[in-house]
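Read the single chain below, which is given as C-alpha cells and is the form predicted on its own.
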Amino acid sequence: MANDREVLREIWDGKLPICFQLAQEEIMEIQQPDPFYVMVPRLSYFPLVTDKMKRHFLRYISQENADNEMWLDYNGQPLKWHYPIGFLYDLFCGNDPQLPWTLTVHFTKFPETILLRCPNKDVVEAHYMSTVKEADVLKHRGQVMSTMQKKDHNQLWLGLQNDKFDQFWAINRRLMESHGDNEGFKHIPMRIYSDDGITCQRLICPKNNDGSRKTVHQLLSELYPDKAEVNLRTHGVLIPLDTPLQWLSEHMSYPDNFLHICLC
C-alpha cells in the first residue's frame, strides 16, 4: 500500500463529542441525572466506550431494569451498535452537523426488530472479526486472515479496543497490501448507505477494463447513472471525485477493512 501514514493517523485520531441523556420516562429519582459528556473515537463501536456512562445512569433507574440491555437512539432512531460510531454520525448528521451529538439512553423497550442483541464485548469482537474476514475475501480471496495466527487476530482487536494505533496497524498493514502480480485488491470492500435506509454493496473492481485505476467519479457513473449530482461522505469529509478507489480503500477504510460511505 502507499504509505500515507499521516492520513492513516488523522483518520485514527478522529473523535466525536457526545452528550448522553437518560430517557425521561426511565428516571426514577427526584433529582434529574446530569448528562454524561465524553469524547469517543470515530472508529470505535458504542459497546466499547459506554461502560462509564452506563454506571453513571444506573443509580437513576428502577433496579429491576438494571440488568436490561442498554440501547441508544438519536431523535427516536435506534442506533445499530455494529456500525462504527463515526459512520453513524455521518449518516444521521452529515448534512446538518450538530456537536456535541446528543443521544438518548434506554434500559427498557429494547427494539428487537431493529437492533441486534449485544450482551457483552465478545459479541462485538465476533462481529468485527467476521467483517474483517469478509473484507479479506473480497480483497485477497481470504488468503491473509487465513495465514495469520490467533495472536495476530487478538492484536488487531485489542489495538482497536484500546485505541492503540501502532499495535493495530502492525497487523492491519498486511490486510492493506496487494498480493500477487496484480497491483491492487481483487475487489474493494465498500458499503454505501442512503438516508432512506438502503444499503448498496456490490462487487467493485479497483480497475477499469483498460487497466487504469477506477475513480470515485467512474464508480458513481456505474452505480447511479440516472443521478446528476451524487456525493459521497466518509469520516466527516466529502470524497473528491478523482480519488482512486484503491487509495481510498487503503487509507480511509474503517478498522473492519470496509469503506462505510454515506450517499449525499
Partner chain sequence: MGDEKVPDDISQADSDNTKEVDQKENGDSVKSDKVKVDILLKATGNAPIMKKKKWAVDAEKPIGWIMEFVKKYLKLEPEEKLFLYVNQTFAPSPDQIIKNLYECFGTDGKLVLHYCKTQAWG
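Numbering follows the first chain given and starts at 1. Since we're looking at a predicted model, the values are computed, not measured.
Only in words, not in the display: the form predicted together with the partner chain, which the text now covers.
Here the chain stands alone, but in the predicted complex its contact with the partner chain, taken as any heavy atom within 4.5 Å, falls in 78-86 among 157-165, 170-178, 95-103, 78-86. Although the partner is absent here, Q201 lies within 4.5 Å of the partner chain in the predicted complex, judged by heavy atoms. The partner chain is not shown here, but in the predicted complex it comes within 4.5 Å of a heavy atom of E134.
For the chain shown alone, V124 is not a contact residue for the partner chain in the predicted complex, no non-hydrogen atom being within 4.5 angstroms.
In the predicted complex, the partner chain stays beyond 4.5 Å of every heavy atom belonging to L72. The putative spot formed by Q218, K227 and L263 is not touched by the partner chain in the predicted complex; no residue has a non-hydrogen atom within 4.5 angstroms of it.
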